[in-house]
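Shown below, as structure tokens, is a lone chain in the form predicted on its own; questions about how it binds or moves come after it.
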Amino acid sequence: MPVCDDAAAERISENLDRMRSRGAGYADARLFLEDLSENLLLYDGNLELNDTSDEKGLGVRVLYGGAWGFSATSDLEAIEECFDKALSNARTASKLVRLPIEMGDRPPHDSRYDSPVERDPFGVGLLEKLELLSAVDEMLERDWIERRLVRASCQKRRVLFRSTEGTTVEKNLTNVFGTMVVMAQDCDGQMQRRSHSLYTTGRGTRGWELIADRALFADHAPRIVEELSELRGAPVLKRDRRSVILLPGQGALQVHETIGHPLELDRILGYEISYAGGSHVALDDIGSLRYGSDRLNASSYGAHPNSPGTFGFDDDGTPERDYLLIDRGILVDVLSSRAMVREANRRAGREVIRESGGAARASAFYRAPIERMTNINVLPGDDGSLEDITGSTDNGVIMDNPTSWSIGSNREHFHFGCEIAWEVKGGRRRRVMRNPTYQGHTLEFYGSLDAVGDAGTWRLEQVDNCGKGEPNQVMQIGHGVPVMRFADVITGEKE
């Protein structure tokens, strides 16, 4: 079934042709026929949030005289006016251009992408959804637990993309997220928490069946309750240099903040510096910078059908590409879009980036596309299971799930707090530790990577709240990460 009727598509095509006839070098349009979101939250067993929204509209970009003009409308009777406004904005902006924007040439294509879905989450009744969340909440309830949260959110989009190059892309995207949290006071009167978020294997489907899979969600409730109980009386992690073993729940944030964001090309070129920050990476670093040890291999996309970072085609109409960002510790590519690739190569005076990474994404019809993460993954290694890595660790800690984070404006250093840690001594996991933290400088930290778990330790963590851009855009992405061990890391806080 097409995402929109032929009449609307024809009007878009006519206006794209009209932009060409009026001097535009390039133009594209994204028509959102459906942008549904639903959020459900149980707070201490009570329904605190039941919110559903649907946004429909058109976003238009026009490139004129080397400058972008953008306009959006929710009135689909005003398509012509929206195109005219985008062109007018581009003409005004072109008077201030110093480095003209270029899209380059790309062969047209007619394509479609559908998220694999068994059960449309918006076809599942509210009662069934609340029964699932209530069942999880009941597993979390204890007299000593002071706060319980169980949340589910669903998204569904139907989008038509067309450009003056003759490209047409239809996308039907579905996402389902879930989180559970329990909180209680510890022996010092401080609030401790343990949480679990719905993850995937990267395979399978993206409908309601994802959160209904007990192994991925509900079955983790007893575990986090038990771990929170241990945390209440656990000793505080004292300051020391030791090995840090990151489970995927924390490893995903580490990768997100210190690989994903600093490798977004617009940050490297300085476009995000006033809001979300820049990057410690320079254009000349691409192809030569040692980002980490030989054990570090990181990719974009990873061809995972079951991830919020998989969408088929970006908002330039570029197919998602499966490629390495870091190859055996060396930075070889970055997250990019068509125009930014051409600008980067012009600035560098040579080809530092071969082609777009398919990372142009917009969070809504009324937002212009910018470089965003897709699936940023660390590839599994050959150092075995968590038990194998623990067994070869003399003095270390295992850490899971973030509670706080502080990152340098260029992502060059970081300080993270985690929910829980387990002490490792002489190759054995011992007691639970409270208030664990670790810190480091990005390149030095990844240079200390000395063990990467096998495929059995790898899982794809979902992220539904990555913020970037001005005005802000909240995006959904995925991070596939294995268990990772880093040597000689500063951990804990000074007494």
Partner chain sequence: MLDERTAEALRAVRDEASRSGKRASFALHREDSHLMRIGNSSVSLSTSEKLTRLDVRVVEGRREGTHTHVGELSGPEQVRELLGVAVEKTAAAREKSFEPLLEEVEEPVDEQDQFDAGLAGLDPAHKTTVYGRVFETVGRDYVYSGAWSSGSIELFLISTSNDLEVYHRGTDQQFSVVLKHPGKEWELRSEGTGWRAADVTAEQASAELGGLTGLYESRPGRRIEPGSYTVIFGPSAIADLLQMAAFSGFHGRLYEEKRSWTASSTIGEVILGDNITITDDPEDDLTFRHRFDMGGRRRRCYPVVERGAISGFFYDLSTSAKFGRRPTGHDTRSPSLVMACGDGPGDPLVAVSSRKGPVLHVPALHYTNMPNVSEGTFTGSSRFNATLVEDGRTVCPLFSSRVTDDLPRLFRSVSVIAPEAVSVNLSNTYERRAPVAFSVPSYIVAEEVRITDCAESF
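Numbering follows the first chain given and starts at 1. Quick caveat, the model's predicted, so the values are computed rather than measured.
The same protein also has a form predicted together with its partner chain, omitted here; what follows describes it.
Visitor: Does Arg411 make contact with its partner chain in the predicted complex, using a 4.5 Å heavy atom cut-off?
Guide: Looking in the predicted complex, residue contacts with its partner chain include Arg411, since a heavy atom lies within 4.5 Å.
Visitor: Taking the shortest heavy atom distance, is Arg347 within 4.5 Å of its partner chain in the predicted complex?
Guide: Residue-level check for Arg347: yes, a contact with its partner chain.
Visitor: Quick one: is Asp488 in contact with its partner chain in the predicted complex, heavy atoms, 4.5 Å cut-off?
Guide: So Asp488 does not count as contacting its partner chain.
Visitor: Is Arg214 close to its partner chain in the predicted complex, meaning a heavy atom pair under 4.5 Å apart or at it?
Guide: Contact check for Arg214: no, nothing within 4.5 Å of its partner chain in the predicted complex.
Visitor: Heavy atoms within 4.5 Å of its partner chain in the predicted complex: which of the stretches 22-30, 423-431, 35-43, 452-460 has them?
Guide: Going through the listed ranges, the match is 35-43.
Visitor: Of Glu387, Asp110, Glu146, Asp120, which residue is found within 4.5 angstroms of its partner chain in the predicted complex when only non-hydrogen atoms are counted?
Guide: It is Glu146.
Visitor: Of the residues Leu289, Leu379, Met139, Ala93, which one places a heavy atom within 4.5 Å of its partner chain in the predicted complex?
Guide: When its partner chain is considered in the predicted complex, the option within 4.5 Å is Ala93.
Visitor: Would you confirm whether the three residues Ala8, Thr167 and Ser293 all fall within 4.5 Å of its partner chain in the predicted complex, going by non-hydrogen atoms?
Guide: No, the candidate spot makes no contact with its partner chain.
Visitor: In the predicted complex, which residues of 425-458 put a heavy atom within 4.5 Å of its partner chain?
Guide: Contacts from 425-458: Asn435, Thr437, Gln439, His441.
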